[in-house]
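Take a look at this single chain in structure tokens; it is the form predicted on its own.
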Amino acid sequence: MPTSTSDGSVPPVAAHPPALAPALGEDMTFQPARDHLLTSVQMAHFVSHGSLIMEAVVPEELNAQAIDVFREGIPPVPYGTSVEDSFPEGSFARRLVEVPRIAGALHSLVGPGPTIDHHAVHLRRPNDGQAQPLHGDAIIDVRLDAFDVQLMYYPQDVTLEMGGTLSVPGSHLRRTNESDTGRYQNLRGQTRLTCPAGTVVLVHHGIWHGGRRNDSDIERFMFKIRFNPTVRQLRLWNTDDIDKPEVSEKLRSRFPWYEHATGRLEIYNRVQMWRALTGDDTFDIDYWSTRVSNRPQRVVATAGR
């Protein structure tokens, strides 16, 4: 995921709402307000980078309650449990996912009625002296036409000394086996999250990441929720800007760790993902997908017949 300072290309996603969000409905099948949905440029950013950051999007009232709630624990739920059954109305987690900008972004990415894959509170103790190896969260999941989203919520200011989460932009579509990337200590273009309290990062399930060691005297908390879509992820965002040149520009993004040749495969994979998200099988960048999918079926008469 991008840091708040080193990745200036992240488009603005959210401003800090003035107060706690009102209840949005009985469940997460509601349609968020259009101005809370992601734009096409933001969706293209997610497809190319594998993440979106929403700085200080959670109201201070929730941030102030978060750590006490995390210390008490949030009950686990079986895989595939609905949001409503996982997080009762009025609970901390329910109010978190109902913050309008968060709800709008989740709707844009996974649609209405997602289920909870799992959730967990991550705690990095002060001066713990150990970092988590770089890894992706899946060993067999190579989908290009669907994806899960992980919400990562940081209730407190995160400084570099506190061990901001490390991630590698543009790594989410690279085929790897879960922790095999742990051999890499540093990659060009990697980022470490530093952010203000109330920041939420939404990441593709395949992004390479790892918790950094905490060299400060402060406990660092992060609350993670993984969402599984239950509908086809097709044009769920605000598509008013879908024809803007910035969409293709985002999808063409390259990162310093990419190889010259293999890095182009990442762009090819993004084209496949964008086609699935938009339903436009003609979309392409530099004719790559069109060329490799060209299998003419027209049969012409020949002299031998």
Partner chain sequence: MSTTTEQLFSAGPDGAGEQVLRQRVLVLYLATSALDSSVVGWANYDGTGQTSPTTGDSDEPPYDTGVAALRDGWRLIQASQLIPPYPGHEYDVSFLKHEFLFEKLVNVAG
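Between two forms, the rigid core is defined as the largest C-alpha subset superposing within 1.5 Å. For clarity, every value in this text was computed on a predicted model and none was experimentally measured. Residue numbers count along the first chain shown, from 1.
One more form of this protein should be noted, the form predicted together with the partner chain, which is absent from this view; the next part is about it.
Trainee: Residues in which of 108-116, 186-194, 230-238, 91-99 have heavy atoms within 4.5 Å of the partner chain in the predicted complex?
Mentor: Result of the contact check: 186-194.
Trainee: Is Asp243 part of the interface with the partner chain in the predicted complex - any heavy atom within 4.5 Å?
Mentor: Residue-level check for Asp243: no, no contact with the partner chain.
Trainee: Should Pro256 be classed as touching the partner chain in the predicted complex when contacts are defined as heavy atoms within 4.5 Å?
Mentor: Yes, Pro256 is a contact residue.
Trainee: May I ask you to state whether Ala131 is within 4.5 Å of the partner chain in the predicted complex, using heavy atom distances?
Mentor: Flag for Ala131 set to yes.
Trainee: Using a 4.5 angstroms cut-off on non-hydrogen atoms, would Arg226 count as touching the partner chain in the predicted complex?
Mentor: The answer is no: Arg226 has no heavy atom within 4.5 Å of the partner chain.
Trainee: Considering the partner chain in the predicted complex, which of Val69, Leu265, Ala276, Leu251 comes within 4.5 Å of it through any heavy atom?
Mentor: Comparing distances to the partner chain in the predicted complex, the residue within 4.5 Å is Leu265.
Trainee: Identify which of Gly80, Pro76, Pro126, Gly182 has a heavy atom within 4.5 Å of the partner chain in the predicted complex; exactly one of them does.
Mentor: The residue in contact is Gly182.
Trainee: So with the core overlaid, does the Cα of Thr282 end up 2 Å or more away between the shown form and the other one?
Mentor: Where the cores coincide, Thr282 shows only a C-alpha shift between the shown form and the other one that is less than 2 Å.
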